[in-house]
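Encoded as structure tokens, the following chain is the form predicted on its own, with no partner shown.
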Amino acid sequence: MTGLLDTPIRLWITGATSGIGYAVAQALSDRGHQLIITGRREDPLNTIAARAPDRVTVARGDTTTPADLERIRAHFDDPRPLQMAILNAGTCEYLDVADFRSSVIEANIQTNVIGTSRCVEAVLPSLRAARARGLPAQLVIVSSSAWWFPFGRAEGYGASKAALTYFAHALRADLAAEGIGVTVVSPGFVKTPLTDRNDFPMPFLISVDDAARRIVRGLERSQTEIQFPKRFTWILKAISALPQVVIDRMAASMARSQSKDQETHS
């Protein structure tokens, strides 16, 4: 089966200033694709563009800001259609239940869910234009494997990723009739500036370059679900199939252990 990335295409990547988005942008640029890259900081975007200035367009902006997205949309108009959008921009803020603040929940939802949905609204007309020309088109939404288990302190982050995955799956059903595919990427722990702030053990941690290779390989194979590393995602899926009372006990035990570790290191 011919994959969408078998020949060079135009695509848009958000959250390209660091971590997974930065590494995926570099990998796809090196493969000859024409990129529009978005993020809030211009210097990292310019670094990517310098590798292939004829194929990489910098479109700086905040994906939660409608005015920024309206400005970014101007880059989508081109004789060569936009065929893929990799919506990767996201955040991770943890909640201290002893000082419960709904603003932490809001911050995760605002960036990870609302920001992504605004990106979909911005890019769908371009993907539909590609389909009107008989070309394949794909939305790629970067979620997380975290929502498969109720990790302590992750009320906001996990809830946002659960919502994002449901959103993507429902969108896949609605867009199927138009021939626009939707791929969900569910990484485990990846060493990025975000995870560098974590103060707890991260099993099966992989490098950002490894994550980018897995994502690009999955997209080249036209996978609708890209989940890695397998050892971690299989464990989480197996645990999620247990009775809820067992999951609750495991989660509570892990939360208590984590709290003791924090007290020890404080």
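Numbers follow the displayed sequence, beginning with 1. All figures in this text were calculated on a predicted structure; none of them were measured in a lab.
Heads up, the form predicted in complex with a small molecule isn't pictured, but that's what we're talking about next.
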| property | result |
| --- | --- |
| Non-hydrogen atom contact residue 167 with the small molecule in the predicted bound form at 4.5 angstroms | no |
| Partner contact for residue 189 in the predicted bound form: the small molecule, 4.5 angstroms, heavy atom | yes |
| Contact label in the predicted bound form: residue 29 to the small molecule, heavy atom within 4.5 Å | no |
| Interface membership of residue 150, the small molecule in the predicted bound form, 4.5 Å heavy atom rule | no |
| Among the candidates 34, 223, 46, 64, the residue which, in the predicted bound form, approaches the small molecule to within 4.5 Å (heavy atoms) | 64 |
| Partner-facing stretch of 73-81, 173-181, 140-148, 95-103, counted where any non-hydrogen atom is within 4.5 angstroms of the small molecule in the predicted bound form | 140-148 |
